[in-house]
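Next up: just one chain, as C-alpha coordinates, the form predicted alone.
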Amino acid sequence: MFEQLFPNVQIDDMITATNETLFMTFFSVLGTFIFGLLLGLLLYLTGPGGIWQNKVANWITAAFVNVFRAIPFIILILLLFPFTDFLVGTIRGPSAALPALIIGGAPFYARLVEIALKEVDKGVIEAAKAMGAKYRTIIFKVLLPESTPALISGLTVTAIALISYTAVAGVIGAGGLGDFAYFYGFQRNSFDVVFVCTVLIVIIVFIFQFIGDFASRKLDKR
(Lines give C-alpha, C1' and ligand atoms only; values in the text may rest on other atoms or scores of the structure.)
Protein backbone atom coordinates (compact mmCIF):
# COMPACT_ATOMS: atom_id res chain seq x y z
CA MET A 1 0.00 0.00 0.00
CA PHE A 2 2.74 2.44 1.00
CA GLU A 3 4.83 1.58 -2.07
CA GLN A 4 1.83 2.17 -4.32
CA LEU A 5 1.11 5.59 -2.82
CA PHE A 6 4.77 6.65 -2.61
CA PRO A 7 6.64 4.67 -5.32
CA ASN A 8 9.76 6.87 -5.24
CA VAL A 9 10.24 6.88 -1.48
CA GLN A 10 13.13 4.73 -0.24
CA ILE A 11 12.65 4.02 3.46
CA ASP A 12 16.36 3.60 4.27
CA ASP A 13 17.28 6.88 2.57
CA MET A 14 14.41 8.65 4.31
CA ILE A 15 15.57 7.36 7.70
CA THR A 16 19.10 8.60 6.97
CA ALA A 17 17.78 12.03 5.97
CA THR A 18 15.61 12.20 9.11
CA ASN A 19 18.58 11.31 11.33
CA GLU A 20 20.64 14.07 9.66
CA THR A 21 17.88 16.60 10.33
CA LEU A 22 17.64 15.49 13.97
CA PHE A 23 21.45 15.71 14.30
CA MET A 24 21.52 19.26 12.92
CA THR A 25 18.54 20.31 15.03
CA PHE A 26 19.80 18.87 18.32
CA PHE A 27 23.32 20.29 18.16
CA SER A 28 22.25 23.63 16.71
CA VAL A 29 19.65 24.02 19.49
CA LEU A 30 22.33 23.16 22.07
CA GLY A 31 24.79 25.68 20.62
CA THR A 32 22.08 28.30 20.19
CA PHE A 33 21.00 27.87 23.80
CA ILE A 34 24.53 28.39 25.13
CA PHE A 35 25.51 31.37 22.97
CA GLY A 36 22.02 32.88 22.88
CA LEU A 37 21.76 32.75 26.67
CA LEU A 38 25.12 34.47 27.04
CA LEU A 39 24.20 37.19 24.53
CA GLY A 40 20.77 37.66 26.11
CA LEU A 41 22.29 38.00 29.57
CA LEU A 42 24.76 40.58 28.24
CA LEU A 43 21.95 42.54 26.60
CA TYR A 44 19.96 42.58 29.84
CA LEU A 45 22.75 43.09 32.35
CA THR A 46 24.48 45.90 30.42
CA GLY A 47 21.21 47.61 29.44
CA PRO A 48 19.47 50.51 31.22
CA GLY A 49 18.96 49.61 34.87
CA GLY A 50 21.03 46.44 34.56
CA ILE A 51 23.45 45.43 37.29
CA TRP A 52 26.34 45.77 34.80
CA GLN A 53 24.95 48.84 33.04
CA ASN A 54 27.38 49.82 30.30
CA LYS A 55 26.31 51.72 27.20
CA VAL A 56 29.30 50.71 25.07
CA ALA A 57 29.08 46.99 25.88
CA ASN A 58 25.31 47.04 25.38
CA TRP A 59 25.62 48.83 22.03
CA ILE A 60 28.24 46.37 20.75
CA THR A 61 26.20 43.34 21.84
CA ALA A 62 22.97 44.77 20.43
CA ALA A 63 24.69 45.64 17.14
CA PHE A 64 26.02 42.08 16.79
CA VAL A 65 22.61 40.60 17.55
CA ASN A 66 20.76 42.96 15.20
CA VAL A 67 23.16 42.46 12.29
CA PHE A 68 23.01 38.67 12.35
CA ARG A 69 19.25 38.67 12.90
CA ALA A 70 18.85 40.84 9.82
CA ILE A 71 20.80 38.60 7.42
CA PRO A 72 18.59 36.08 5.56
CA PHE A 73 19.67 32.57 6.50
CA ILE A 74 20.50 31.40 2.96
CA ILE A 75 22.82 34.41 2.54
CA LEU A 76 24.35 33.81 5.98
CA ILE A 77 25.27 30.26 4.94
CA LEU A 78 27.07 31.58 1.86
CA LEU A 79 28.86 34.30 3.83
CA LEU A 80 30.10 31.75 6.35
CA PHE A 81 31.50 29.30 3.78
CA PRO A 82 35.16 30.30 4.43
CA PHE A 83 34.66 30.19 8.22
CA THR A 84 32.83 26.85 8.00
CA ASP A 85 35.52 25.35 5.80
CA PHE A 86 38.19 26.52 8.25
CA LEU A 87 36.29 25.25 11.29
CA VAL A 88 34.83 21.97 10.01
CA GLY A 89 37.06 21.23 7.02
CA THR A 90 34.18 21.04 4.55
CA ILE A 91 31.18 23.08 3.41
CA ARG A 92 28.93 20.07 2.80
CA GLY A 93 27.14 17.70 5.15
CA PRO A 94 25.21 18.08 8.43
CA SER A 95 28.26 19.12 10.48
CA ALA A 96 29.07 21.91 8.04
CA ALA A 97 25.60 23.40 8.59
CA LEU A 98 26.08 23.79 12.35
CA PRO A 99 28.12 27.05 12.39
CA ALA A 100 25.54 28.87 10.26
CA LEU A 101 22.63 27.38 12.21
CA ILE A 102 24.10 28.44 15.55
CA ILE A 103 25.22 31.89 14.38
CA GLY A 104 21.83 32.42 12.78
CA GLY A 105 19.84 31.12 15.75
CA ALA A 106 21.74 32.53 18.74
CA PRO A 107 20.94 36.23 18.09
CA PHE A 108 17.26 35.35 17.64
CA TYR A 109 17.21 33.48 20.94
CA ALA A 110 19.23 36.24 22.64
CA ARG A 111 16.37 38.70 22.14
CA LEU A 112 13.91 36.20 23.58
CA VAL A 113 16.22 35.72 26.57
CA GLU A 114 16.39 39.49 27.09
CA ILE A 115 12.58 39.73 27.01
CA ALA A 116 12.27 36.82 29.48
CA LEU A 117 14.72 38.44 31.91
CA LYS A 118 12.92 41.79 31.72
CA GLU A 119 9.74 40.03 32.90
CA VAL A 120 11.37 39.03 36.21
CA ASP A 121 9.90 40.99 39.11
CA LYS A 122 12.21 43.89 39.92
CA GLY A 123 11.27 43.54 43.59
CA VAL A 124 12.85 40.09 43.76
CA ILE A 125 16.11 41.46 42.35
CA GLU A 126 16.09 44.43 44.72
CA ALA A 127 15.45 42.11 47.67
CA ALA A 128 18.45 40.00 46.69
CA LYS A 129 20.61 43.13 46.44
CA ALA A 130 19.40 44.31 49.85
CA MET A 131 20.45 40.98 51.34
CA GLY A 132 23.97 41.52 49.99
CA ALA A 133 23.77 38.96 47.20
CA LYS A 134 26.68 38.99 44.77
CA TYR A 135 26.16 39.47 41.04
CA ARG A 136 26.72 35.78 40.39
CA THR A 137 24.08 34.87 42.97
CA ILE A 138 21.58 37.30 41.46
CA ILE A 139 22.13 35.82 37.99
CA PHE A 140 22.12 32.12 38.88
CA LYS A 141 19.80 32.10 41.90
CA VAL A 142 17.30 34.80 40.95
CA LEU A 143 17.23 35.85 37.30
CA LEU A 144 17.64 32.48 35.58
CA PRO A 145 15.38 30.41 37.90
CA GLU A 146 12.61 33.05 37.81
CA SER A 147 12.71 33.28 34.02
CA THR A 148 13.12 29.54 33.29
CA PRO A 149 9.59 28.92 31.87
CA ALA A 150 9.93 31.88 29.49
CA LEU A 151 13.46 30.79 28.53
CA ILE A 152 12.20 27.32 27.64
CA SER A 153 9.28 28.75 25.65
CA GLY A 154 11.72 30.96 23.76
CA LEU A 155 14.01 28.01 23.12
CA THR A 156 11.06 26.04 21.75
CA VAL A 157 10.24 28.82 19.30
CA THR A 158 13.90 29.00 18.31
CA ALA A 159 14.17 25.23 17.87
CA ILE A 160 11.23 25.25 15.46
CA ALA A 161 12.87 28.06 13.49
CA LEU A 162 16.09 26.03 13.39
CA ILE A 163 14.23 23.03 11.99
CA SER A 164 13.12 25.19 9.08
CA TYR A 165 16.71 26.47 8.74
CA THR A 166 17.96 22.89 8.40
CA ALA A 167 15.63 22.48 5.42
CA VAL A 168 17.08 25.62 3.83
CA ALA A 169 20.62 24.41 4.55
CA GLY A 170 19.76 21.17 2.74
CA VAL A 171 19.38 23.06 -0.52
CA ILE A 172 23.13 23.83 -0.53
CA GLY A 173 24.11 20.25 0.34
CA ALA A 174 23.89 20.06 4.12
CA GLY A 175 21.91 16.85 4.04
CA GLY A 176 18.74 16.13 5.94
CA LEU A 177 15.12 16.18 4.84
CA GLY A 178 15.45 19.54 3.07
CA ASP A 179 18.31 18.20 0.96
CA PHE A 180 16.41 15.00 0.22
CA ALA A 181 13.19 16.82 -0.69
CA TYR A 182 15.00 19.18 -3.06
CA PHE A 183 17.51 16.91 -4.81
CA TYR A 184 15.63 13.60 -4.78
CA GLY A 185 12.11 14.97 -4.85
CA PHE A 186 11.74 18.33 -6.55
CA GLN A 187 14.56 18.02 -9.09
CA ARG A 188 13.37 14.56 -10.14
CA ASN A 189 9.67 15.50 -10.17
CA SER A 190 9.10 12.93 -7.42
CA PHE A 191 6.58 14.92 -5.42
CA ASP A 192 5.69 11.92 -3.28
CA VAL A 193 9.22 12.29 -1.84
CA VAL A 194 8.62 16.00 -1.21
CA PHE A 195 5.32 15.19 0.51
CA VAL A 196 6.80 12.55 2.83
CA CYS A 197 9.73 14.86 3.74
CA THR A 198 7.24 17.61 4.56
CA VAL A 199 5.19 15.31 6.79
CA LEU A 200 8.31 14.17 8.65
CA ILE A 201 9.44 17.77 9.23
CA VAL A 202 5.98 18.67 10.56
CA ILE A 203 6.10 15.68 12.92
CA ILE A 204 9.52 16.75 14.21
CA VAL A 205 8.16 20.27 14.80
CA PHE A 206 5.19 18.90 16.73
CA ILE A 207 7.48 16.76 18.89
CA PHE A 208 9.72 19.72 19.79
CA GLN A 209 6.66 21.89 20.46
CA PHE A 210 5.13 19.26 22.74
CA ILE A 211 8.38 18.77 24.70
CA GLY A 212 8.89 22.52 25.06
CA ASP A 213 5.31 23.20 26.19
CA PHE A 214 5.42 20.29 28.65
CA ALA A 215 8.73 21.42 30.19
CA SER A 216 7.57 25.04 30.40
CA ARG A 217 4.34 24.07 32.22
CA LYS A 218 6.18 21.80 34.64
CA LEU A 219 8.69 24.49 35.61
CA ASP A 220 6.18 27.33 35.84
CA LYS A 221 5.67 28.05 39.56
CA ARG A 222 2.78 30.45 39.01
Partner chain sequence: MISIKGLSKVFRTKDQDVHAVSDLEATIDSGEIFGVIGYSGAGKSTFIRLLNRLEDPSGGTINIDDREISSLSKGDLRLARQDMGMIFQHFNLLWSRTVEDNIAFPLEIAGVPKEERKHRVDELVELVGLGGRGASYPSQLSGGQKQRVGIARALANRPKVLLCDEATSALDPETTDSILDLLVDINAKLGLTIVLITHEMHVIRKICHRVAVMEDGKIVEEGDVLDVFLRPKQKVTKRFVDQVMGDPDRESSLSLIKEEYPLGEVAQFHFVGERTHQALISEVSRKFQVDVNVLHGKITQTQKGAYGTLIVHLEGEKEEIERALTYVRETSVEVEVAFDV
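The shown structure was predicted, so the numbers you read here are calculated from the model rather than taken from an experiment. Residue numbers count along the first chain shown, from 1.
As for the form predicted together with its partner chain, it is not shown, yet the points below apply to it.
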| query | finding |
| --- | --- |
| Listed range touching its partner chain, judged in the predicted bound form by heavy atoms within 4.5 Å, from 89-97, 103-111, 138-146, 71-79 | 138-146 |
| Heavy atom of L219 within 4.5 Å of its partner chain in the predicted bound form | yes |
| Touches its partner chain in the predicted bound form: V124 (any heavy atom, 4.5 Å) | yes |
| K118 within 4.5 Å of its partner chain in the predicted bound form, heavy atoms | no |
| Contact set, 128-144 vs its partner chain in the predicted bound form - heavy atom within 4.5 angstroms | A128, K129, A130, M131, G132, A133, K134, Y135, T137, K141, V142 |
